[in-house]
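Here we start with a single chain on its own, the form predicted on its own, put down as structure tokens.
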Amino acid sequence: MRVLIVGAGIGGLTTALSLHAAGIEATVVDAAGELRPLGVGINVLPHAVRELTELGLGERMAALGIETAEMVHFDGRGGRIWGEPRGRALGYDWPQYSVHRGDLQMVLLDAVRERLGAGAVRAGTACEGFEEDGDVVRVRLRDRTSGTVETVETDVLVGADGLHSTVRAALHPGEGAPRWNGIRMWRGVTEGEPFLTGATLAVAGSNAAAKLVVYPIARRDGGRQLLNWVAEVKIPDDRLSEFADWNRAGRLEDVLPHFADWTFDWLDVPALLSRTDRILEYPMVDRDPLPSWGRGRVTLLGDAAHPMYPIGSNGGSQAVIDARVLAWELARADSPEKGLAAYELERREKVNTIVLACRDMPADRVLHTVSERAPGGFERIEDVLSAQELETITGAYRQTSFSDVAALNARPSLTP
């Protein structure tokens, strides 16, 4: 069986590694002329860390980032509202890691080239369409340097080409632009001193107005860390006119005024933002869940299948799980069509549920309630929120990300 994967991001590269481990031939193409460690930080959940560990990347993951110990919510004045352990401290057999997205992509890229060969990933190669013809999928590929177009044949085509997927557009024409919720995000990474435990994923404020997410993603000399931050702001009457591009440059003067007085005893937010060399700006977008991903011998994976709001650290992690399930189902099916159908049956409704849960944002509603009831801060959160309201935050993350500690620990491996 030959599988062509469009997109050399986290999902596409993990798919190649998973297929190779299952004895299935895989090739990856990507439109980017050069695959470089772009982007900012992400969290890799225990569900995905397990799969990457079973692909032999456990030691590389451990050296890559920071093992996340806890997630803690604060108000806009730095007062602690709620906290919960993460990863192994929550009971999983595998850790949660905070890493630089680009560094993780390079680890996966190196592993693909080591195991599948240097030619297994073709950069500068865009997918321009495909036709299904019986047992073959004919894919049109264009070399972006020479402009040369060729048609290659494959047994299976996997669209792992992100939010603006060419493969998804061909399968679901007329879908239109991504769905925006009115929140703008600014993102960046900068060196700084460790804060709180040195392994804390901290969330301050709520995106009903302004919210900051910050966590360490790498160690630096002298005990310092590389800190990843995400600033989310809902701006009244804002209109989305630009193309949603993860690498679009942002400006400090646009984001800093929303956080100008956020100086906490555990973090100086204006200083953190001001020290950042490169700021990215991105609208918080997703797409409506699909009633089907693919057909026949063509399917979707990762953000191409289920782009979601960055709530609960799910985007990259769910792509990794997609990849492993896809390889598992193809390896044991009687035909590629049956394998892809089984993959979609196993994954589509699960991730569609997560997409909708991320839109609901119950944790943010509770955090906004704190700002309404205690705009000047508080001494005891119990004087502001009831125990039931605090439990709503825990329940929100169980719904999107952490409902299955015992199930994941007990589940058999997806390695064929």
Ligand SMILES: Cc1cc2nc3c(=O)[nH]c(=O)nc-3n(C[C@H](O)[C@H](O)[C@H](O)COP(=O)(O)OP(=O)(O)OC[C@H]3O[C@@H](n4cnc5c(N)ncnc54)[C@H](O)[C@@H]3O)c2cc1C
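We number the residues from 1 along the sequence you see. In this text, all values refer to a predicted model and were calculated from it rather than measured experimentally.
The next section is about a form of this same protein that is not shown, the form predicted in complex with the ligand.
Colleague: Heavy atoms within 4.5 Å of the ligand in the predicted bound form: which stretch in 199-207, 308-316, 337-345, 110-118 meets that?
Modeller: It is 308-316 that comes within 4.5 Å of the partner.
Colleague: State yes only if every one of Leu326, Ile354 and Thr415 has a non-hydrogen atom within 4.5 Å of the ligand in the predicted bound form; otherwise state no.
Modeller: No: no residue has a heavy atom within 4.5 Å of the partner.
Colleague: Note which of Val366, Val40, Met61, Val384 lies within 4.5 Å of the ligand in the predicted bound form, where distance is taken over heavy atoms; exactly one does.
Modeller: Looking at the other structure, the residue within range turns out to be Val40.
Colleague: Could you check which residue among Ile183, Leu171, Leu267, Cys127 gets a heavy atom within 4.5 Å of the ligand in the predicted bound form?
Modeller: Selected option: Cys127.
Colleague: I'd like to check something about Ala8: if you look in the predicted bound form, is any of its heavy atoms closer than or equal to 4.5 Å to a heavy atom of the ligand?
Modeller: Ala8: contacts the ligand in the predicted bound form.
Colleague: Examine Glu51 and determine whether its closest non-hydrogen atom to the ligand in the predicted bound form is within 4.5 angstroms.
Modeller: Contact check for Glu51: no, nothing within 4.5 Å of the ligand in the predicted bound form.
Colleague: Ala31 versus the ligand, in the predicted bound form: is there a non-hydrogen atom within 4.5 Å?
Modeller: Looking in the predicted bound form, residue contacts with the ligand include Ala31, since a heavy atom lies within 4.5 Å.
Colleague: Just to confirm, Asn247 within 4.5 Å of the ligand in the predicted bound form by heavy atoms?
Modeller: The answer is yes: Asn247 has a heavy atom within 4.5 Å of the ligand.
Colleague: Even though the chain is shown alone, can you say which residues of 85-103 have a heavy atom within 4.5 Å of the ligand in the predicted bound form?
Modeller: Only Arg101 sits within 4.5 Å of the partner.
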